[in-house]
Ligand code: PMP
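Presented as structure tokens, the chain that follows is alone, the form predicted alone.
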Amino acid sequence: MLSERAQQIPPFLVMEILEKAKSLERDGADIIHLEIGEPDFPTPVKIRQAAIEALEQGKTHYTHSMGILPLREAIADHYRKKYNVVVSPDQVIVTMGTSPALLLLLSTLVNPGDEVILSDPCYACYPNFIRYVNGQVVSVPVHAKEGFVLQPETIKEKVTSHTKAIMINSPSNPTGTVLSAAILKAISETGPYIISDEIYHGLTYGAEEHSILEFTDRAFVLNGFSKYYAMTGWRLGYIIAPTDFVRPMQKLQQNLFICASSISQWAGVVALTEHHSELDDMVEIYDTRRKFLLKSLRELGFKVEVEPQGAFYILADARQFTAHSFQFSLDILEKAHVAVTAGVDFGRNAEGFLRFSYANNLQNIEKAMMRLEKYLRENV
């Protein structure tokens, strides 16, 4: 008999689309992937070399459960240099990606019945993590005409005596929204703890990203190396937490995960302490793709009211074509061989939208737009 937990968790629709696309590819179909949020660039060479050196030097054993000290020091130094905030290495717990980090954090912070405020739309897995620890999700709709910006005044209306935290993500998945310093400051003053997912920091285009730690120390930061450093498969992330929460999370880490990969950790030190010209080029290429995709989608009849300025996603309004984004995305996949993500995966307020990832080369994006134009002409 399955646990209620296993029965109730919904599927992650982006993975459903990806797995369907892979099945079609096995049957010989040429699929263009605009659904998955994974950099299509290789990990920078200095980082790869650091991992090779760690292997050759025998750094292949368990580490301290909180992570190797040189990496925690590098993370603290990174936040000092980039955001001018003071973080002790003793506030940092290195994890196997940001998803385990979020599990540790919520397991430490949230009691059954505690409320966590989220934007709608938001990253699809956030509500599932909160419910997994028996917390309550409180959704705050954000709207395309406002650039999907989470408004502090609306948050205040949702805060109750049961509110434990407000969770934010800037730059955002799925919207590409970058929250301004003024918005972050106002959110930090609403009262509850802030959980800030900063995994897309570094991937901005004409906007400046800010850390929540610039405005409050009643905050938890989630970050990692997957997106900006193109290290998804390395499974390396971290939490920066208020001091009182570190030891409880460390104990959970010891029990659930022991530690993050030793080899990845040594590579992470070099990621943070060396300059990587490949990443400068990568951001410029993303921006070129972003501009092309934005123009193309609008020409095809999709609505994008405010230009996204971060991450590598565009959440486009497709309600003039469909009211059912998942079925629409499946039909596009089957008939046009273009994989895109259904907006409903990210919340009720994104139903009728599609998320397009530009983590694919420009040639493929151009080809996908031609296929999509043909699909719309023949099927809608």
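Heads up: residue numbers just count along the shown sequence, starting at 1. Worth saying up front: this structure is predicted, and the values here are computed from it rather than measured.
The same protein also exists as the form predicted together with the ligand; that form is not shown, yet it is the one meant from here on.
**Student:** Kindly indicate whether 325, 329 and 374 are, all three, within 4.5 angstroms of the ligand in the predicted complex, using heavy atoms.
**Tutor:** Looking in the predicted complex, the three residues 325, 329 and 374 all stay beyond 4.5 Å of the ligand (heavy atoms).
**Student:** Could you spot which one of 309, 136, 296, 226 gets a heavy atom to within 4.5 Å of the ligand in the predicted complex?
**Tutor:** When the ligand is considered in the predicted complex, the option within 4.5 Å is 226.
**Student:** Give me the residue from 286, 79, 215, 126 that has a heavy atom within 4.5 Å of the ligand in the predicted complex.
**Tutor:** Exactly one listed residue reaches within 4.5 Å, namely 126.
**Student:** Evaluate residue 150 for contact with the ligand in the predicted complex, applying a 4.5 angstroms cut-off between non-hydrogen atoms, and reply yes or no.
**Tutor:** Flag for residue 150 set to no.
**Student:** Would you classify residue 99 as touching the ligand in the predicted complex, given a 4.5 Å non-hydrogen atom cut-off?
**Tutor:** Yes, residue 99 lies within 4.5 Å of the ligand in the predicted complex.
**Student:** Answer for residue 235 alone: is it within 4.5 Å of the ligand in the predicted complex, judged on heavy atom distances?
**Tutor:** Residue 235: contacts the ligand in the predicted complex.
**Student:** Should residue 220 be counted as a contact of the ligand in the predicted complex, where contact means heavy atoms within 4.5 Å?
**Tutor:** Looking in the predicted complex, residue contacts with the ligand do not include residue 220, since no heavy atom lies within 4.5 Å.
**Student:** Thinking of the ligand in the predicted complex, which stretch from 112-120, 265-273, 300-308, 166-174 has heavy atoms inside 4.5 Å of it?
**Tutor:** Among the listed stretches, the partner-contacting one is 166-174.
**Student:** For the stretch 166-205, I need every residue with any heavy atom inside 4.5 Å of the ligand in the predicted complex, listed N to C.
**Tutor:** Contacting residues: 169, 173, 197, 199, 200.
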